[in-house]
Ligand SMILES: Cc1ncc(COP(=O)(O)O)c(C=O)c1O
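To begin, one chain is listed below as C-alpha cells, in the form predicted alone.
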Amino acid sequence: MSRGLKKSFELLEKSRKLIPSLTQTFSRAAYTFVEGAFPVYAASAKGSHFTDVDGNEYIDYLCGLGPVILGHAYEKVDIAIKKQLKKGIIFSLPHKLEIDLSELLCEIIPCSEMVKFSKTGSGAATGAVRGARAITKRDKIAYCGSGGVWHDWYAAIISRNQGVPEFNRDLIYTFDYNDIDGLEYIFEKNPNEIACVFMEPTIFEKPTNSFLQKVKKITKQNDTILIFDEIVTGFRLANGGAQEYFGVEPDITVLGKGMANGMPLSAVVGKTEYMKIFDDVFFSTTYAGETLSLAASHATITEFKEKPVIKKMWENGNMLIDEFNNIAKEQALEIALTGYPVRMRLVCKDTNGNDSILMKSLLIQEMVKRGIFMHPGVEYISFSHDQEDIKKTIDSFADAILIIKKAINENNFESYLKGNPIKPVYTVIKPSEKANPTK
C-alpha cells in the first residue's frame, strides 16, 4: 500500500526556491492537499488515470481542475492537434477555424449567436463584464458563484486581494444561490446601477422555486445583463450546458475548461444584440486565435455531438455517488459526495454537523494511498472513467473509511495523518447581501 514519493518531494524543495506559491495555480499547490502524503508532480496521463514522477498511477477525479472532460490524451483530440500542428499554430491573419468553431458553438449553446475567444476563464469573464458595463453604462456587479475569476472585479472581495485597488470592493455585491430576496435587495440598494448579474447557473446546489427564471426576470426588469458563468457547467450538465439543462437562456455566457479537453481556450458567447458591443470594447489578445486549441475544441465538441458523452458521465457519476454514500451510511459517518454526478463535492462532517478539515484530510490521504486521487473540495468525472474505475474507487473507500472510523473512535486524527492538513486557497471577506440579515 505504501507509495514512494521521493522524486515529488525533491522537486517540491526545488520549487520553493524558484516558484512563488510553489506552482502556477494555487489549487494545484502541495498545501491544498495533504502535503507530505500526496504526490506533488505529475509525469504523464492517459484516459482517466495519471502517473506521478515516482511512477505511481492514480484514478484521476480532479481532471486537471475540470478541463479534461473526454479524458487525458484523448485520441480524436490529439489527432486534430497534430494535424493542425503541421499547418501552423498562429498566423498573421485570422484562421478559418475561428469561424468553424464559432458555428459549432452557436449550434450547441442555446444563447450563442456570436462568439469571442480568449485563453482563460478569468479573461473571458472579465471581458463579459466589461461588455456589460459598456452596454449599460453602469459599473456595479451582482455576483453568485464559487469564485475562479482572478481579475480585480472579483479578487477585491477575497483574502488574496493584495495589489487590487480598493474601489473594486465597492462595485461588487454577492448573493447566495437560491436567495432571490438577496438579489432583489441588491437592486433595491443600487437602483439603476447594476451592470450585470454574473453567476454560475448552479454549483452543487439545485435551483428551487424557479430561482433561475426569477433571476432572469429581475435582470430584464432592471435593464441589466444576465451573464452565466458556464466555465464549469458548460459541456458537463448537458451538451449545451446548464442553460440547456435548466431551460433558462442568459444574455451572455462565459465558457472554458471542458470546451477543449485541456487545451487553453475560453469564449464569450451570446445574443447578437449584446455581443456587437465587442466591436468597440477592447477585448483582444494575440493568442485567442491560436489554432491548436481551436482544433482541439472543434474535435472535443464534435465528440459530444456524435457520442453519448454526457449520458456516460452522468451514469458513472451516479453510480459513484450512490455506492460511496451507501458505504458512509453503513458506517454511520457524515461523509458524502453531493452535488451533480459530473461535478461532485466531498463533504466530511463531525458529530456536531460541522465541516471537519481533519477528517477530510485523512480521507483523501487514505484514498490517494490506494491509488484514488481526490480533491478536498470538488470531484469531476470524465468520459474516459469506466465502471472498473468506479469499482476500484468504491473498494478503496470501503477500506479507507475503516481508518476514519478508528481515528474517530480514538479521537485522534493527527496520529493517522502522515502530512499536513489541507489548507484553503482563499476565503471570501465580503459577506453576501441579505434582505433580512437575521435569517
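Predicted model only: the values in this text are computed from it and were never measured. Numbering starts at 1 and follows the sequence shown.
Beyond the structure shown, there is the form predicted in complex with the ligand, which is absent from this document and is the topic of what follows.
Contact with the ligand in the predicted complex, defined as any heavy atom within 4.5 Å, is confined among 179 to 187, 143 to 151, 269 to 277, 295 to 303 to 143 to 151.
This chain appears without its partner; in the predicted complex, the one residue of Val232, Ile227, Met313, Leu362 with a heavy atom within 4.5 Å of the ligand is Val232. Listed residues Gly241, Gly131, Gly262, Gly121 were compared with the ligand in the predicted complex; Gly121 is the one with a heavy atom within 4.5 Å. Interface residue remark: Arg236 is not counted as part of the site for the ligand in the predicted complex, having no heavy atom within 4.5 Å. For the chain shown alone, Glu200 is a contact residue for the ligand in the predicted complex, at least one non-hydrogen atom being within 4.5 angstroms.
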